[in-house]
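Shown next as structure tokens: one chain only, the form predicted on its own.
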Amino acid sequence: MLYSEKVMDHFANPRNVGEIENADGVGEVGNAKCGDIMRMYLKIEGDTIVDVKFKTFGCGAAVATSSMATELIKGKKIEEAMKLTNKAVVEALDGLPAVKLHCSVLAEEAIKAALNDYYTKKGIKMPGLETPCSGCCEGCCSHE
């Protein structure tokens, strides 16, 4: 299994690792088939994600996709973060082996779960965040 240089870099030197105390939104997702668990923390001011951190228990691809996903939404408007897809994460990493694509799905789901938590705390129901899985792969089972 070959990984791109970007995947290896984000695995060896992950960005935004850790947790945010009193985070505005926290999302946790997992894949029972492979054992990966991702937790995302968001700090939001106005409509901007001013900080994002993650903790991931899983393989190198899970760490790399978590790291890249945080980089893609940090400093962005919530609206932009809601549009982040697993495909965008994969492209930003210059690809992933097919058997590891579920890791990018988890990264997308973790962000959307954190955004859903943020809106739930505010008493707002956001369409499209209730079931974040796009169903793009066979390996996703985080909400079965």
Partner chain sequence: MSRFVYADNAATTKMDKDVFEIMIKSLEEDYGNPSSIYKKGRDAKVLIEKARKQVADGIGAKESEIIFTSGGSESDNYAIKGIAKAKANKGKHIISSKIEHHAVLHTLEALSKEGYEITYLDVLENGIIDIEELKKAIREDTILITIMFANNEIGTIQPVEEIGKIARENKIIFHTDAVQAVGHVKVDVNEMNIDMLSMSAHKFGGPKGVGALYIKSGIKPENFIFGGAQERGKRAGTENTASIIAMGAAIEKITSEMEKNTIKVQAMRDKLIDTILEKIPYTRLNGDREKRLPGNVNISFRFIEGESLLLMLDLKGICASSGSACTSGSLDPSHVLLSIGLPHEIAHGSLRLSINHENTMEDVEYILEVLPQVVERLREMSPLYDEINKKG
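Residue numbers count along the first chain shown, from 1. Keep in mind that this is a model prediction, so the values were computed, not measured.
Separately, the form predicted together with the partner chain exists; it is not shown, and the next lines address it.
Enquirer: Could you tell me which of 59 to 67, 84 to 92, 42 to 50, 108 to 116 sits within 4.5 Å of the partner chain in the predicted complex, going by non-hydrogen atoms?
Expert: Answer to the contact question: 59 to 67.
Enquirer: Heavy atom to heavy atom, is residue 55 within 4.5 Å of the partner chain in the predicted complex?
Expert: The answer is yes: residue 55 has a heavy atom within 4.5 Å of the partner chain.
Enquirer: Does at least one non-hydrogen atom of residue 98 fall within 4.5 angstroms of the partner chain in the predicted complex?
Expert: Residue 98: no, not in contact with the partner chain in the predicted complex.
Enquirer: Taking heavy atoms and a 4.5 Å cut-off, does residue 124 contact the partner chain in the predicted complex?
Expert: Close contact is absent here: in the predicted complex, residue 124 is far from the partner chain, nothing within 4.5 Å, heavy atoms only.
Enquirer: Flag residue 25 as yes or no: does it have a non-hydrogen atom within 4.5 angstroms of any non-hydrogen atom of the partner chain in the predicted complex?
Expert: Heavy-atom contact with the partner chain at 4.5 Å: absent for residue 25.
Enquirer: Need the contact residues for 16 to 47: heavy atom within 4.5 Å of the partner chain in the predicted complex, sequence order, or none if there are none.
Expert: Read in sequence order, the residues that approach the partner chain (within 4.5 Å, in the predicted complex) are 17, 19, 28, 32, 33, 34, 35, 37, 39, 41.
Enquirer: Just to spell it out: taking the C-alpha atom of residue 87 and the C-alpha atom of residue 33, is that distance smaller or larger in the predicted complex than in the structure shown here, given it changes by 3 Å or more?
Expert: They are farther apart; the C-alpha distance rises by 3 Å or more in the predicted complex.
Enquirer: Given a change of 3 Å or more, say if the Cα atoms of residue 33 and residue 101 sit closer or farther in the predicted complex than in this form.
Expert: Their C-alpha distance grows by at least 3 Å in the predicted complex.
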